[in-house]
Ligand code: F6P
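Take a look at this single chain, the form predicted on its own, given in structure tokens.
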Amino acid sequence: MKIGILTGGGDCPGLNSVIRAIVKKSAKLGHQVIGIRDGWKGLINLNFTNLDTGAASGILHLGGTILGTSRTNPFASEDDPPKVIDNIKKLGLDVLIAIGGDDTLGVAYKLYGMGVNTIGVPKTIDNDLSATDFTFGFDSAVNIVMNALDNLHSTAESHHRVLVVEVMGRNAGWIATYGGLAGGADYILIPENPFTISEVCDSIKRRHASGRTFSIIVAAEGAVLAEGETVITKDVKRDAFGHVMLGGIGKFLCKEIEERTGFECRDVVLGHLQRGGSPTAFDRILATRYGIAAVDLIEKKDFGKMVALRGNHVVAVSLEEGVKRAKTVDMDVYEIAKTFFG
């Protein structure tokens, strides 16, 4: 069979691990693999490359994606879906594996409904895809946040400062919750739990009153203020999937904290550091298992599915189930984190 692969949306560690697994497994089964460059844009513009075992060697540990990626949405224009389907036919693809988050897999689901054989592999550092316990890229991002907090503790304590660390997380605070818990954050703000500035400041004051001279707060970029449920945005312009650019909650909070507590505050924005670097062992193995499972689905001709982790087993679920809703933070885990709030 002739298999197409593309990586869409934001990059993250583990993408190359999936590509490697798909190519190596396919080669053993006699399948040909075509890599589509730059996500859905590559299927609109017919930009592709042949992927053999040589191209997939030595990439397991590399971050990013050798295929490139973009946030192109072919359904943003009525002219593009026919181009995508026509180019799939021109390439002679029997099946297309889309590796991405809810936006990328949402496109794959729509194409499946239009008669294209598609399979999804769930990727997002936000870990907010339903139907799977974990997406690859998440563990790597959490480790980056944890290491950053470890480093920030010493400077916060030395200067007796409050530090607000802004992390990614538009609609779900998985990175903030897990990264903050692992890194010993003194307060964690997530979209699922609207907060008031007063409660954050009161927590800091309690810590200082008990003899602690510094505090570290982790805030997801999409954390919501209870007063009017306000979200801080960096830019009101929207991307191809309708998302505004979030950012600035750290700077906003620092200004408020300094005014209300008198303590010096600094904001740290980790930004795209969370997407970079080599994947952790967990993400390398999970991504590899996903890649192998995707090829197994092709062998069974079981299309319109997404591979998913349930417990310790990789299973197949429908693409519809995978993208129908965002998976928010397990509040039992957040309650554990709250034990350590000031």
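Position 1 is the first residue in the sequence shown; the rest follow in order. Note that the structure is predicted; figures quoted are calculated from it, not measured.
Although it is not shown, the form predicted together with 6-O-phosphono-beta-D-fructofuranose (F6P) is what the next lines describe.
Partner-proximal stretch of 165-173, 105-113, 258-266, 149-157 relative to 6-O-phosphono-beta-D-fructofuranose (F6P) in the predicted complex, 4.5 angstroms, heavy atom:
Of the options given, it is 165-173.
State yes only if every one of G10, R71 and D126 has a non-hydrogen atom within 4.5 Å of 6-O-phosphono-beta-D-fructofuranose (F6P) in the predicted complex; otherwise state no.
Yes, because G10, R71 and D126 each have a heavy atom that approaches 6-O-phosphono-beta-D-fructofuranose (F6P) to within 4.5 Å in the predicted complex.
Classify K89 as contacting or not contacting 6-O-phosphono-beta-D-fructofuranose (F6P) in the predicted complex by the rule of any non-hydrogen atom within 4.5 angstroms, answering yes or no.
Close contact is absent here: in the predicted complex, K89 is far from 6-O-phosphono-beta-D-fructofuranose (F6P), nothing within 4.5 Å, heavy atoms only.
With a 4.5 Å heavy atom cut-off, would you call R289 a contact of 6-O-phosphono-beta-D-fructofuranose (F6P) in the predicted complex?
R289: no contact with 6-O-phosphono-beta-D-fructofuranose (F6P) in the predicted complex.
Just to confirm, R275 within 4.5 Å of 6-O-phosphono-beta-D-fructofuranose (F6P) in the predicted complex by heavy atoms?
R275: yes, in contact with 6-O-phosphono-beta-D-fructofuranose (F6P) in the predicted complex.
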